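In the form predicted alone, a lone chain appears below as structure tokens.
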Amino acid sequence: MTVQELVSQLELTVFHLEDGGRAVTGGGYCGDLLSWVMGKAPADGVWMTIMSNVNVAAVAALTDLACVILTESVAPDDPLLRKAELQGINLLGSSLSTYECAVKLSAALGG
């Protein structure tokens, strides 16, 4: 599944879509403690979080994530949006809770 297909299936908000054709093959990871995400999020995966500061882009780049989904209607602050654009991070949003988003992601990925 591609990031663009994920956007459609999960009805996600697009904050920045650098590479909609990027494959999502790593599954998902839910977390808000950046050091844990750096150590545990799968490459080519989806990170679901309520964090919306500039450090999200840095962690997404370090872990080579396919995309980040800000859950619970969280919107990125301006520094995060600018950094996502500079670093080519697919940054998306959902009104769902992190749990509900993870359940939908799992179903979409065939889990």
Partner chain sequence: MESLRLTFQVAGGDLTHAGEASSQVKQTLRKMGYDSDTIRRVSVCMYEGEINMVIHANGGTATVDVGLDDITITLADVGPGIPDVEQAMQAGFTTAGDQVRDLGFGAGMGLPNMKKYSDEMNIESTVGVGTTVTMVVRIP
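In this text, all values refer to a predicted model and were calculated from it rather than measured experimentally. Residue numbers count along the first chain shown, from 1.
Although it is not shown, the form predicted together with the partner chain is what the next lines describe.
The contact with the partner chain in the predicted complex, taken as any heavy atom within 4.5 Å, belongs to Met38 out of Met38, Val74, Cys30, Leu81.
Contact check for Ser97: no non-hydrogen atom falls within 4.5 Å of the partner chain in the predicted complex.
In the predicted complex, none of the heavy atoms of Ala66 sits within 4.5 Å of a heavy atom of the partner chain. Although the partner is absent from this view, Gln9 stays clear of the partner chain in the predicted complex, with no non-hydrogen atom inside 4.5 angstroms. Although the partner is absent from this view, Gln87 contacts the partner chain in the predicted complex, with a non-hydrogen atom inside 4.5 angstroms. In sequence order, Ala58, Val59, Ala61, Leu62, Thr63, Asp64 are the residues of 56-72 having a heavy atom within 4.5 Å of the partner chain in the predicted complex; the partner itself is omitted from this view.
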